[in-house]
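Encoded as structure tokens, the following chain is the form predicted on its own, with no partner shown.
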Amino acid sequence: MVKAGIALKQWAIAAVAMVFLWVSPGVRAQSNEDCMVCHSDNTLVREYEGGRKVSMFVDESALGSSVHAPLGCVDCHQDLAGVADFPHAEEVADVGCGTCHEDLRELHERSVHGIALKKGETEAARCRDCHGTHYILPKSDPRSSVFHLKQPATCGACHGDSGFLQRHPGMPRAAQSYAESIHGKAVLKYGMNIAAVCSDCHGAHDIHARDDADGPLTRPHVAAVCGKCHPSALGSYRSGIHGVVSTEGKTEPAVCTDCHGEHTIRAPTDPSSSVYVTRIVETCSTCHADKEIVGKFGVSVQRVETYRESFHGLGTKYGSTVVANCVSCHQYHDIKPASDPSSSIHPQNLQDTCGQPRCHMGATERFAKSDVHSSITKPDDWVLQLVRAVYILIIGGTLGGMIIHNAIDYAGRRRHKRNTHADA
């Protein structure tokens, strides 16, 4: 009987202990159902100083379709684990996404956003600013805020906000420029999910400043970034003189963004594009008219000036869209020096270059040897000087004669009108 009494007593103590453990706030983690007692109320709000109100409502059905559906609330809100006194304190700790996503947290901390946060920039993007909070969806889901076609809007929430840009005056107006570019129109207007969006060029979590040596958009890396979508152009560029010299560690040779722009990239057929036919010379001249840049590579800065003085250059100056410009002869991505046998301006290839269907079909070998960059102002070339003088006389005489003729005609009409009124 004594043993039976002891056994009964031990069972009772165990039962009491189990009940105590169940109700003890220090050891029991509340379920999602406990949280939803309050947070299922769509009128639940928290009011901050200044009158700003934030909804505390959580849509349980939407939460159930998120990537975090298998998790409990306190898996993310870990400071609330074991809380038994409800409602809990209003001030709760920020959710530490890096607890589970440590690799992405490290990337973000090294990014321009993470560095800004460490410096106290409260507007710098955190995980929730891009991915959301309770309703995070995989990036492959069209409803996700980081889905390919939705990235411009997500990034534009900051980078397209006028107030944000005013508070950060050195930041480019990337969202607006992108929307007007060929990439932006393809994504925003036509829904093309193969066109470049922000993360294709800048990265996702590891976004770096343009002048950061570790970033993907420093000059040595630009071609590779663009080449992810444009492999054919990348191959041509790397075989050309600009690409070859760039691989030697020099920063002066042109990269994609020097000619095409960055966020403002437009189609070559767009008159506002920096590579439109009437703007090619201006774009190439950015470097080739710079004595400091071309002087390092033994290229004459006079090549731009002599082109502008040529028949082709004058045609370009006055808006001709058919006259030859830089790329007509030198090509564009695979530009090569005249000494290269595969160059379009190598002596053995000049006849084909000049004889292109859109230029001088049937051009002879002798014709192709003409000096394209010949200056009309060289004092030692009397033939060119004579032709120039004759052209000036003809043009000046024609325009002058028209002006004199119109002036005489106008004076005669005025005189006739006065005489008519006098007779009346």
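A residue's number is simply how far along the shown sequence it sits, counting from 1. The term rigid core refers to the maximal set of C-alpha atoms that superpose within 1.5 Å between the two forms. Remember, it's a predicted structure, so these values are computed and weren't measured experimentally.
Only in words, not in the display: the form predicted together with a small molecule, which the text now covers.
Exactly one listed residue, out of Gln348, Ser342, Gln166, Thr99, brings a non-hydrogen atom to within 4.5 Å of the small molecule in the model of the complex: Thr99. Not one of Lys118, Leu314 and Ser320 places a heavy atom within 4.5 Å of the small molecule in the model of the complex.
Taking non-hydrogen atoms only, Arg46 approaches the small molecule to within 4.5 angstroms in the model of the complex.
At a distance threshold of 4.5 angstroms between non-hydrogen atoms, Ser199 is in contact with the small molecule in the model of the complex. In the model of the complex, the small molecule sits within 4.5 Å of a heavy atom of Pro138. Proximity of Val372 to the small molecule in the model of the complex falls within the 4.5 Å heavy atom cutoff. For Val67, a C-alpha deviation below 2 angstroms is recorded between the shown form and the other one after rigid-core alignment.
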